[in-house]
Structure formats: structure tokens, C-alpha cells
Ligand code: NAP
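Have a look below at one chain only, the form predicted alone, in C-alpha cells format.
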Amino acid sequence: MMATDAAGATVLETNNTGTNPDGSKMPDKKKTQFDVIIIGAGPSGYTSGIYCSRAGYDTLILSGILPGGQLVNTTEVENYPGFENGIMGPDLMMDIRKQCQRMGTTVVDDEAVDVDFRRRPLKVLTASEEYEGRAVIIATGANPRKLGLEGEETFKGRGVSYCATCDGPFFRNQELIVVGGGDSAVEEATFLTKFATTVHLVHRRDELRASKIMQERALNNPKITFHWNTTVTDIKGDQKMQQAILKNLKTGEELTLDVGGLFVAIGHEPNTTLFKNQIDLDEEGYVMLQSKTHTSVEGVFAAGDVHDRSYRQAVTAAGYGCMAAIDVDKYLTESTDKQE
């Protein structure tokens, strides 16, 4: 069951009646031991659950504070295979959740607050329970960094986007803004020129941080206009975003642009704080994979945006979820063979 929070974001309602929001029964509180524990319930987490359960493993998903991941805060999804006319993000995730549960996966709408991967069995703790598993899949995702503007929250999904590949086709024949100066920003600006009349690339410095080849492509693209030493200070509109206020950091001069959309491309933050000092993370906090979907700890795997800094699509996250589940199956099968 869906609801909206005070900020207007879509969330899954929870209750204290012993049932999940979709009416399915929550597991007996005494049931704390599973073959596989999946932390996170976006496309990667749910897909992992489907595959692990189909393989015959007793599987638990801890959905976290946002069951369904970032897609529950999106509107129409046009690029997920199987939906000719598109599908609303929350509907897609609820359908995948139901499919996951039909396969036998236990889904608990609770947040992992601590883990212990130093000994066997592996442990995942919530505020009220301690779960044990033979294998763990980390599918906690990543969140885009935000500008921190009030208008950014107001018009999220109504002109403000964090994924050009996902939403670019919705903005045909409009002027657009991309905020950022790294590879992601320049790549998104270049991609958006396929649809936009003009793309305004707004960067707070006087030179790009993107790779040389990407810079050259953008600088030579007649559809891209650069705004150096500039930030976005406000986003305005009615039902949808209509204007952005820019400010030059050196001169203080302000500029109002009439645009149809604004794409924030200033990086992502993986949701991995929970795993510091437990598994190897890179300098930006992404999970480092050792082989396939294996992390640095035996029996602990990762899937989706928590390690993927390149693609960040629902369909690729689902693909990684499938891969992690297959790797888990092989790991558990070999572990059982060794014990015998």
C-alpha cells in the first residue's frame, strides 16, 4: 500500500499488526536463521530474492526504510523491458515484490542497523531482531547527491531529474539544464542534446573536471551552452518546473532561465556506511568486488548501485541481482559439498 510523506514522496505504509503493507504475513519473530539474507529491496534486492528462493534457499529480504528503492519516488518508467506502454515506478516495484514473495521469499519491512561479517554465521541486526545467514547479498543502492534547494524537492519528478538516460526522452524540444562538471555531467549534457533544443551546463568552477575526450565533444557541441563559475540558487514553477535562477560566483550577477527540466549530475553516494570496517570499500564508499559479485568477505555478495558507478539503471540493477543470486547458489552448494 502506497502513501506520501510530508515532502510528498511515495512510501510504503507499514503497520504493527503482524502483516506487511501488501497484506502478507510477517515471519514468526522466532524465525531468525536463513540461508540467504538480502539487505535492500530495490530491483537488485528483489531479483536476488526471486532467484535465491527459486533455487530452494530460505531467503530473507530486509527492505530498509524505502522498500522498492529509488523507483518508488519516480513517475512513469518507459525503459524497463516488458511494459509496452510504460509503468509507474511504484507499481513496478510492487509487482516485483509480489513476484518475489510468490517464490517464497520472506520480506520484512525493517532496516538493518548493524552487521557482523567477521564470524559464521553472518549476522544482520535490526533495531528489534538479530538475523543469521549462511550468505548475505548487499543491495542497499546509492542516492544521487542533491543541490540542497527547496525547489529541488518541490519539483523532483516534475522537471528535476537525476538520470538523463531515464528521463531525457520526456523533454523533447525543450531547453534543459545540467548541473555539474565531471564525466557524468558532461556525458548527460551530451546525451540530452538528442532531445533538447539547448542544454545549459552549469558548473561552479571555470573548467570541467571531465576527461579530455568528453570535454572536447561537449565544447564542440553547438547545442551546449556553458555557464562557468555559476550555481543554481532557486528552481521555480507551477505544476512543473519552469525556471531556474543562476548566480555567477565571481560577479554576483543573477540570470533567470526559462527551462523545462534540470538534471543534477554531481555524483552519487552509495549506501554503505553500515559496512565500513566489515568489507572493502573504495575511496568513495562503493563496494569493491573481488570476483564477479563476491566482496572481500567470503559469503558476502553485492548487487546493483551499491557497487555500480557506471550504469545505475533499474534493469542493470536487476541483472546484478540475478548474478549475485547465481554466485550465492554456487557458493552455498560448494560449502555444503565441503561439509559432506
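Keep in mind that this is a model prediction, so the values were computed, not measured. Throughout, we count residues from 1 along the sequence that is shown.
Heads up, the form predicted in complex with this ligand isn't pictured, but that's what we're talking about next.
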item	value
Partner proximity in the predicted complex: Thr106 to this ligand, non-hydrogen atom cutoff 4.5 Å	no
Contact of His294 with this ligand in the predicted complex (heavy atom, 4.5 Å)	no
Any non-hydrogen atom of His203 within 4.5 angstroms of this ligand in the predicted complex	yes
4.5 Å heavy atom contact, Gly151 and this ligand in the predicted complex	no
Non-hydrogen atom within 4.5 angstroms of this ligand in the predicted complex for each of Leu147, Gly181 and Gly267	yes
Contact segment among 239-247, 160-168, 98-106, 182-190, judged by heavy atoms lying within 4.5 Å of this ligand in the predicted complex	182-190
Single option in Ile224, Val77, Met214, Met94 placed near this ligand in the predicted complex, where near means a heavy atom within 4.5 Å	Met214
Residues in 307-329 with any heavy atom within 4.5 Å of this ligand in the predicted complex	Arg309, Arg312
